[in-house]
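What follows is a pair of forms of the same protein chain, given separately as structure tokens and numbered structure 1 and structure 2.
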Structure 1
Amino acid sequence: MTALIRNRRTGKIRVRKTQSSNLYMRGVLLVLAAITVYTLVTIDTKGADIAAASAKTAEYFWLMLTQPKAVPSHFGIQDGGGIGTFFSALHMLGITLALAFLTTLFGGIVALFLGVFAAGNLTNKKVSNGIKSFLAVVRAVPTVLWVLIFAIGAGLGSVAAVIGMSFHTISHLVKAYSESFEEIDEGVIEALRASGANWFQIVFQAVIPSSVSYILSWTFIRFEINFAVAVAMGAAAGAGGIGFQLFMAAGYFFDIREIGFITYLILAVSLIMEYLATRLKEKYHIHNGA
């Protein structure tokens, strides 16, 4: 199928073939847009005043952002006031960061080992495709579902959270690591083989050292993701930390201002992590894995 396109500046007409994939994508977007419009028009609001509800939501959001305040008793503090509450919140943040760090550490070690065998230029195609196919299935399952699956055996808590999060971390990092290994110039690998280097020497003296910047970049990106996931798992899996406190503030105490206080703490940690990632990239000239 072809399309005629006129250049507005020159007035010339050129012929361009329309790919079937583009037509398919446009059709999908059109269908999704139609479904969205239909849903908004026919949605049952149960008699709720949408305008009033929107105004109330905006009011609560403004209160959360402008008047953050924690209640000491909600953080287990009877004496010490604001300072004691702040340090208790920092302790909970530390628990969440520890969950993210352990998950990234375990996942990174296992992923580095599997990534070597998943790289098509370092192993045979059957092994590579088998590992990639299996981990694609693992990656398709949401993290929270993996956590709940392992919670059946380990019980709700930090153990199930770390194992479940590690599963998803491994599947994500194996894909990233193996692709970085596959970007190594094939001529370099062939030259090493011709010079008598064995498989282990090629991997540990050439491939991995050449990919260190990508490995560090992807690992730190995954650590940032795991921190956000650990916040969610604190409530969903009973892993504790600041995520559980956020759940209690929202679902049990119904304290909008405390939600704001916790949100600002999480935001501050995220900004610090982003700053450290930027400095790390500048110091070691690390490529952007994203």
Structure 2
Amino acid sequence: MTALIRNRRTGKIRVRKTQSSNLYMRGVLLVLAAITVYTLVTIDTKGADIAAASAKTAEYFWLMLTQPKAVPSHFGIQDGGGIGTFFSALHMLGITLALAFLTTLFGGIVALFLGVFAAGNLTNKKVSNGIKSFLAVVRAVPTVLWVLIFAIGAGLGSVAAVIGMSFHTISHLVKAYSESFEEIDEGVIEALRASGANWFQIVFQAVIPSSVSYILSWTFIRFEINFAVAVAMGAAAGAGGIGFQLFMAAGYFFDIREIGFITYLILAVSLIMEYLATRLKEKYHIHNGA
């Protein structure tokens, strides 16, 4: 029988025995909080008046939300035409979606191939770990830098954008695909092997077909992410599309209401995709844990 632990000084019964996990948790929280406070106290604002700028931000935000409006000439429409502007904006949106689609498609094909070799139950540990560590390095480079690096070789544009955006896509999908391959019952693979199937037959007849719905859901989830990435690349790496329009509206024309208009368009697309992705996640019990 263990006795109660009492506080040495006060003699009170202790409720919480100090456990290492609790200590680490407290340590992590303390360190993070300290870094945050230090950063916020010392951060360089370059003399900006925070109160005034915050008020201005709120005002702009309100303007964006309540009075969105596009300027036709910014969308290459010469004579008036609200409808023409709207269709031109939709066209830009389509370009961004197309960039996201191509990235997801090419990235997905490469990832399917690498995913088979990264799955621990289909190859040996060395190959699988090798691919995983290589992809960890690939993932550590921000997407925008990948795009800019490829722009040196291919010029700014859709080719550099798609190749650059593919890296994180591949890294993400290889992880997702290989994990779903690893979930396949070991017995199924054993049975096929026993019946004389070779490695290719096992992969193409059993492994991929039985995880096809996971593959498709994860690919769609990545497509949703890639849409947001493509918007960002349009703005920061000259990939074109609606992201570039957003960049122009804000950085060149200084038109808050147009930022609002474009933001609404992007929001509409991403909310629809988020809804679909959520439905897929619920259907296949996918958890995207940290």
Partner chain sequence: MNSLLTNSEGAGTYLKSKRIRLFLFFVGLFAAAALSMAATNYHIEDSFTAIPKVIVWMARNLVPDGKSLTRLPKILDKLFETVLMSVAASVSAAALSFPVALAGSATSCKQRWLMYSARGVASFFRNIPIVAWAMIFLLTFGQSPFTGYVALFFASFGFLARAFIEAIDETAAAPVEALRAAGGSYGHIIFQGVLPSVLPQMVSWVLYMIETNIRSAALVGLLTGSGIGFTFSIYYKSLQYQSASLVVITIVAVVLVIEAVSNKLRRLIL
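What you are looking at is a predicted structure, and each value in this text was computed from that prediction instead of being measured. Reference numbering: structure 1, starting with residue 1. Each form is matched to the other, and the largest set of C-alpha atoms that superpose within 1.5 Å is called the rigid core.
Q | Structure corresponding to the form predicted alone | A | The form predicted alone is the one given as structure 1; the other form is structure 2.
(Q) Using a rigid core superposition, assess whether Thr39 undergoes a CA shift of 2 Å or more between structure 1 and structure 2. (A) Yes: Thr39 shifts by at least 2 Å between structure 1 and structure 2.
Q) If you line up the core, does Ala277 shift 2 angstroms or more at its C-alpha between structure 1 and structure 2? A) After core superposition, the displacement of the Ala277 C-alpha between structure 1 and structure 2 reaches the 2 Å mark, so yes.
Q. Quick one: once the rigid core is lined up, does Ala52 have its C-alpha move by 2 Å or more between structure 1 and structure 2?
A. Yes, the C-alpha position differs by at least 2 Å between structure 1 and structure 2.
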